[in-house]
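One chain is shown next in structure tokens, namely the form predicted alone.
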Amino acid sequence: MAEAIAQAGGWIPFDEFMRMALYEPGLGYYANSRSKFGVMPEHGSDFVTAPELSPVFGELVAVQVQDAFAHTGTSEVWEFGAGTGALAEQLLSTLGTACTRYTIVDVSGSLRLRQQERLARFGDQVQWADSLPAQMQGVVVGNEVLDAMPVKLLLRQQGVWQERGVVVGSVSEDGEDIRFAWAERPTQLRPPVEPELPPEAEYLTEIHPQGEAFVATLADRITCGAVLLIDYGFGESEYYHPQRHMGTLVCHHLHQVDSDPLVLVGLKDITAHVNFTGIAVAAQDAGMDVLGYTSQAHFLINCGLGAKLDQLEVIARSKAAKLMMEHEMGEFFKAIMLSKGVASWEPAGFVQGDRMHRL
């Protein structure tokens, strides 16, 4: 990373730093062999995702996938960033033969090995891909994918916008201890919403060109299908609210949250909340329809969470309930549904509590 900074003239934008910290082959957080997903830190994990928390999550997502199969006339699933393979296992177990092919697109070689081991019993029904084909059909699923895509950092000081990047702050005499530091440069980039703060007030935020480009690429490649994305984030007015003047960028390490991505590089997750308005606009600009946007709680309840909870034992019910609790994942996470090449319909997971008017 220090070499890349030197080759770039001594400064790289934060999105490049984040890309390397997360995805540099063999070294980045998602490219090394260190454990990442799990319920407890003593297992070496850093955070838990909904599929690891309860299999009910995947069983209910499958309800929406089946609904999308019926309306798109397709039978393939494409999952991005499949993690340990927990969601894939839950979807495949629930969908059965309704899913003719399940393709996982994941840049992490170590996670792919874990996925292959976990999903071996499904045989040739599961495939892996390093890139997207020129054309594709089916239902795309991404749980906590957008938040791991590199973001640009913009800082306004004394009314002047700058792009925040990274430099080498210091190097020990033996060259082993390298410390990184923040540095800003003038920029023409702006957030989509100007903060309603006095010009002299400092304001730090993110913009998401890579996440929006990802959605545009899906729109370009999908000839007939739907896209379901679940992640933590807000609509534009909430994302760029004056109270969120220090941005949303955080790191996860051993189930602890901090705001310094410049230390323990490659050993902890770096993530930013999703601007769902930006995702929706990027999808529409690329020719997709936005079918629904709501909280994870409403999405799962619409897909039948209530009935599922009634069937579970106490401990399993307690874990599954966290998926919808407002102070857990229920309100923090949102779901958005997109489609391409088919007539619009009201997806099963969005029949109640739709919030598209808040995008």
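One rule holds for the numbers: they count along the sequence shown, beginning at 1. Computed from a predicted structure; not experimentally measured.
In what follows, reference is made to the form predicted together with a small molecule, a form of this protein that is not presented.
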| said: in the model of the complex, does residue 107 come within 4.5 Å of the small molecule, counting heavy atoms only? | reply: yes
| request: Evaluate residue 11 for contact with the small molecule in the model of the complex, applying a 4.5 angstroms cut-off between non-hydrogen atoms, and reply yes or no. | output: no
| said: Would you classify residue 83 as touching the small molecule in the model of the complex, given a 4.5 Å non-hydrogen atom cut-off? | reply: yes
| message | Can you tell me if residue 76 lies within 4.5 angstroms of the small molecule in the model of the complex, counting non-hydrogen atoms only? | response | no
| So which of 63 to 71, 48 to 56, 320 to 328, 307 to 315 is the stretch with heavy atoms within 4.5 Å of the small molecule in the model of the complex? | 48 to 56
| task | Could you tell me which one of 92, 249, 288, 148 places a heavy atom within 4.5 Å of the small molecule in the model of the complex? | result | 148
| task | Identify, from the list 212, 163, 144, 206, the residue with a heavy atom within 4.5 Å of the small molecule in the model of the complex. | result | 144
